[in-house]
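Presented below, as structure tokens, is a lone chain in the form predicted on its own.
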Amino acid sequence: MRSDLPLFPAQASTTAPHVDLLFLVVVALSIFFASLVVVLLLGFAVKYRRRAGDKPPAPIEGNHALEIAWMVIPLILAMGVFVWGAEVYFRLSRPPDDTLNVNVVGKRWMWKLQHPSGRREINELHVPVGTPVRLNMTSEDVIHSFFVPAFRIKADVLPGRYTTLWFEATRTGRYHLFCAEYCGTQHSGMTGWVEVMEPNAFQAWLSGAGSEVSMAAAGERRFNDLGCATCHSGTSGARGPNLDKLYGSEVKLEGGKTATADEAYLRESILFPAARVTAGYQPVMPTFRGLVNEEGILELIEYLKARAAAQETAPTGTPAVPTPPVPSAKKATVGSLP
């Protein structure tokens, strides 16, 4: 595609060519059939116009071959576009296994982004070129939409749940970031930039964060401050289940159902602990709504991710991370997360 075509921004991600090609084919098919109908309409109007002295035309008998053709050919084209679109959609929905994860919180009227290392950004996102990046997004207030035209990615950012996006930038540079969902009077000002850097430059930028602690470390501190370790001590008879290998595992629930302990499940367990109670435990955990904001929840989730990852590499039977000391809880908790 021509880079100077003003209707299209630069193709700066691996998925952009696929999205553009599908879009152009749909536009070309629409123009072709619209033109075909108009040309035939005008041609038949001229050829079969009524002339002076003409008798009324005889009734036209049906033509089964023609009728089948104008039903089957559009059906094949429509199904082909549908399958192609589904393939592109699945490509956009399934990030690779090894991605750089960035947490995004939308708020009127700004984007708050945080890397696992703890580096925070407002309306800016720095990423390395040639590296898949996965965005884990939520909103603190209303519906927003994370949109980077150069990457051809857009997804709603919703309060109360997580949505994800992924992309792999193919060229360095600065690219516009927009909110594509009207979210209030200053919606048009909710813009930013994605800065795509060389990997070495990105690492230098990331390490220049000063004294910021990682999200996992901040989550561990918050975990202790909230007194979660009181019940999730991992000891026999604890009121809450052991969280060492929780993230990504299959959790058995009361009632016989199961759930995958992903980000959405962990968030729900923190804010609505009675929604899905782990089998073998009582629903005694209090809600932490109003005590932890969205950024704090993301930090707790990063801590549980790190805890599970460390446990996988630790020798069997030994804790991979130091067991947090039982704090003097600031808030009363008798939890059973999840």
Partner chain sequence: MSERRPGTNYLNVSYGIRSWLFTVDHKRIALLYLGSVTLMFLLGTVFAGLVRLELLTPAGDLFSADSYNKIFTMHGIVMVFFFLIPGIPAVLGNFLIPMMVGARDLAFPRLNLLSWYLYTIGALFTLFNIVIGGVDTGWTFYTPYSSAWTTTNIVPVALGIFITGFSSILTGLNFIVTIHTMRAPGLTWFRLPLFVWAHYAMSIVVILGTPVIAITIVLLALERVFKLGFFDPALGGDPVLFQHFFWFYSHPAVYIMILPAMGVISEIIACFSRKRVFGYSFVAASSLAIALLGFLVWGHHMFVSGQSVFAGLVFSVLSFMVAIPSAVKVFNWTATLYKGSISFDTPMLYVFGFLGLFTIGGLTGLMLACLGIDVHVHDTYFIVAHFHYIMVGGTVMAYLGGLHFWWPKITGRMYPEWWGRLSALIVFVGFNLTFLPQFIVGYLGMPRRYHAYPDEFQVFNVMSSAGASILGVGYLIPLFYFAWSMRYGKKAPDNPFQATGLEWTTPSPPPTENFPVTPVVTEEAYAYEKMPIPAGGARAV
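For clarity, every value in this text was computed on a predicted model and none was experimentally measured. Numbering follows the first chain given and starts at 1.
Beyond the structure shown, there is the form predicted together with the partner chain, which is absent from this document and is the topic of what follows.
Checking 196-204, 229-237, 69-77, 253-261 against the partner chain in the predicted bound form, the stretch whose residues place heavy atoms within 4.5 Å of it is 69-77.
Taken together, the three residues 103, 129 and 274 all stay farther than 4.5 Å from the partner chain in the predicted bound form, as judged by their closest heavy atom.
The closest non-hydrogen atom of residue 217 lies beyond 4.5 Å of the partner chain in the predicted bound form. When contacts are judged by a 4.5 Å heavy atom cut-off, residue 86 counts as touching the partner chain in the predicted bound form.
When the partner chain is considered in the predicted bound form, residue 268 lies well away from it, no heavy atom lying within 4.5 Å.
Looking at residue 143, you'd find a heavy atom of it within 4.5 angstroms of the partner chain in the predicted bound form. The listed set 212, 225, 181, 124 contains one residue whose heavy atoms approach the partner chain in the predicted bound form to within 4.5 Å, identified as 181.
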